[in-house]
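Coming up is one lone chain in structure tokens, specifically the form predicted on its own.
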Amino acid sequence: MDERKMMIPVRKDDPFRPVYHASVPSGWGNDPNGLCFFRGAFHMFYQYNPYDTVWGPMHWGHMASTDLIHWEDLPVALFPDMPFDRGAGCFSGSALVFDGRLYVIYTGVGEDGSQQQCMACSSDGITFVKYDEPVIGSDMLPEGAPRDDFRDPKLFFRDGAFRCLVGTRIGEKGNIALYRSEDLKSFSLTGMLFPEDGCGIPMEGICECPDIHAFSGEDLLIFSPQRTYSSGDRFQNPQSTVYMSGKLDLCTGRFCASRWDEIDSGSDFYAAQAADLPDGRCVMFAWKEMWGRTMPTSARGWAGSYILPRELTVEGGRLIQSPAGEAAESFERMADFSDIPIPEGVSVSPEGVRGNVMRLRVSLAPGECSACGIRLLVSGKDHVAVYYDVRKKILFSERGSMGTLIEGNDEDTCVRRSPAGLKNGVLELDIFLDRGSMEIFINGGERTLTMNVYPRDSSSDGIEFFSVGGDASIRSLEMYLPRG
């Protein structure tokens, strides 16, 4: 165990601290790890540096919940205390419940930088005992894969055997290796998911955080390319998260994709991982931040938050994301409006509709306008704008007028856009505001857009609707506040 002093958990009344999103208690947190349901609770582990608010020696932080919304901080699950993980620490991985025990597999990074896949086991979900040696060592690398880019194992059971995906690269082309085991001790390489020339996505570098789930005979593969390149309205972040629908061949290891796309169009979404729940749902979390950015919360003693739980379904190969039922049930409807005109050039603020911790369900009818939308978290000139360009059929989100700016090494950290069509002349938006957080579900979850938005202070809670180039209208508007 590292003898350095851990940071003291910061106060929950921090104005940037989300109310109903999971966040680290103090220090630094990134990728969610080991999502699983075990002994009556949902467990989420995460990449954690408990000593500082920047990335550092990786531990596995741990929190648990019985409703996916309210989280209890638990003791650190994994410390970098073995010869094979005393370098950069215990990197990302996954969990599997088997025979009444909880197994976690993670990447151990040694002092020489080599990355190997390591296992630990728990009978109570709190205390873990590590295996003495890695289960997938450096001697089991795919041909051409580097020792220092071989990580983020995803463990699952299918067709009578344990399987494990591991992210890697061959040259600069990202790839994913598939391994097989009969006993969770000895593994063998089955093959590579993609051909040598890559998977067809405009990317370079390792495929981080691979994950896979089955939907009615079709596989959903999720991973986070280390470097992506903009392609139209997709991949606006230097690092993105994508999905592929198709089929994994367990004999060859090859993945045959029928469709692929970016999972979220926002500026703050990475390292998604999902879990299959006992009731049959597949629920996903992701890191609600982005690499290479300033994090305003770090000055307050913490850095790292996570998206709302999202239920995943696949329709015709297309990923659909919806707020988990627990998230929807945690809100109470407080106001309901219909057929409100938005005259061109006039800011419309329905009576009583304001706040920075809330849910808004909006049906916008652009009519004859060229653009229409909403200004949120308004205080003076400070606001975040969400607006729809009718001609381009694109939903924009712009945080450049916020009081606390987020800077980064990508070309534009303030504006993000997502393709969005109208359905019967209406755009459907489901918006979750949580102090410094905004998640938007577009047209029933066909697209999503996640963005951190930090106001100057807690007085930034105004909401205004606007229209440009003609009149528009609010077909319907529902405002919800958290229960309790």
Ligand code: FRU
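When you see a residue number, it is the position in the sequence shown, counting from 1. Quick caveat: nothing in here was measured; it's all calculated off a predicted structure.
From this point on, the text means the form predicted together with this ligand, which you will not see here.
Enquirer: I need to confirm a contact call. Of Thr228, Thr241, Ser92, Asn356, which residue comes within 4.5 Å of this ligand in the model of the complex, counting heavy atoms only?
Expert: Answer to the contact question: Ser92.
Enquirer: Go through Thr448, Gln47, Ser26, Ser437 and name the one with a heavy atom inside 4.5 Å of this ligand in the model of the complex.
Expert: By the 4.5 Å heavy-atom cutoff, the listed residue in contact is Gln47.
Enquirer: Sort through 157-165, 201-209, 397-405, 70-78 and report the only stretch with a non-hydrogen atom within 4.5 Å of this ligand in the model of the complex.
Expert: Stretch 201-209 is the one.
Enquirer: Would you check whether this ligand, in the model of the complex, lies within 4.5 angstroms of a non-hydrogen atom from each of Asp152, Tyr270 and Trp291?
Expert: Yes, the whole trio is in contact, each within 4.5 Å by some heavy atom.
Enquirer: Counting only non-hydrogen atoms and a 4.5 angstroms cut-off, does Trp55 reach this ligand in the model of the complex?
Expert: Yes, Trp55 is a contact residue.
Enquirer: My question is simply whether Ser418 lines the interface with this ligand in the model of the complex - judged by any non-hydrogen atom within 4.5 Å.
Expert: No, Ser418 sits far enough from this ligand in the model of the complex that none of its heavy atoms falls within 4.5 Å.
Enquirer: So in the model of the complex, does Asn30 come within 4.5 Å of this ligand, heavy atom to heavy atom?
Expert: Asn30: yes, in contact with this ligand in the model of the complex.
Enquirer: Within 4.5 Å of this ligand in the model of the complex, which residues of 212-230 have a heavy atom? Give them in sequence order, or say none.
Expert: The stretch 212-230, when checked against this ligand in the model of the complex, contributes no residue at the 4.5 Å heavy-atom cut-off.
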